[in-house]
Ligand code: MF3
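As a starting point, one isolated chain is supplied in structure tokens, in the form predicted on its own.
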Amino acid sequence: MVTYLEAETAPLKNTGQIRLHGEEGFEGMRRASRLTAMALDEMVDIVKPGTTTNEIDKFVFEFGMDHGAIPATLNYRGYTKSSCTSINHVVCHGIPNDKPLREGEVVNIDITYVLDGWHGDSSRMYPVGEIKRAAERLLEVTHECLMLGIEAVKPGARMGAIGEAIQKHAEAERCSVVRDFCGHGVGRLFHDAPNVLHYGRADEGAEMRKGMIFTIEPMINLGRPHVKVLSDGWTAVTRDRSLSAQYEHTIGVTDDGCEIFTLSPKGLDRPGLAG
């Protein structure tokens, strides 16, 4: 049984209930999400062969500090970095290190800033120099999946409509959808109800209602969907070592659709523009 509650009066913990936010929540999310999107825009000039993911992470930390925000991942459940940087067959939660990026690689950069208590969560893919056409197409398909999932968001629809739209497109393009990770409610909490599956059927899941805020963040593989988590407890990789990609937006459900909080101020959040 799904229950909903007014976010302003709800306890600040994940109770499994779905929060419905008013204008105050939407405005808080706009500010935090815009800052995240601004940082991701800066990555277009930073991501290149020879750059280390630790250098990227240092920028994320300092950019947040300069704008009065803190990275949500820093010291989250023992995680020691300000961002996640997932390269090639790393599906998500890649840990920044001192290894330089190499020509032809693709990297997902996932940033969540906490600004005035609100979490702006987004990720994008970046090519490192020139990449192969297969990698380029995977980035395009993954972004298309994200936007089709977003198009399915409207009051009265079921959460499964998001997953169905994503799964149909990915599989039509002979790609697969990772099932081990999902999107999530977000706001004053980093991870909240509901879970947002990237596969499924349109008649399944909770009903979407105005005021819900959540992420949609499909992870799409060129090969099979199966993943494993490495011994560091964070890094998830494709079992068949096939290339993986992910794009993520944070959205809020409106009267007739949704508002995308994490759109790029410079229009750089689509494949082919970030490089």
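This one's a predicted model, so the numbers in the text were calculated from it and none came from an experiment. Counting begins at 1, following the sequence as shown.
Omitted from view is the form predicted in complex with this ligand, to which the following refers.
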item: Exercise: residue 61 in contact with this ligand in the model of the complex, heavy atom 4.5 Å; value: no
item: Residue contact check: residue 191 to this ligand in the model of the complex, 4.5 Å heavy atom; value: yes
item: Contact flag, residue 217 vs this ligand in the model of the complex, heavy atom cut 4.5 Å; value: yes
item: In the model of the complex, residue 162 touching this ligand (heavy atom, 4.5 Å); value: no
item: Contact residue in the model of the complex, chosen from 84, 170, 106, 138 - any heavy atom within 4.5 Å of this ligand; value: 84
item: Location of this ligand contact in the model of the complex, chosen stretch of 106-114, 149-157, 124-132, 201-209 [non-hydrogen atom, 4.5 Å]; value: 106-114
item: Residues from 2-17 in contact with this ligand (non-hydrogen atom within 4.5 Å) in the model of the complex; value: none
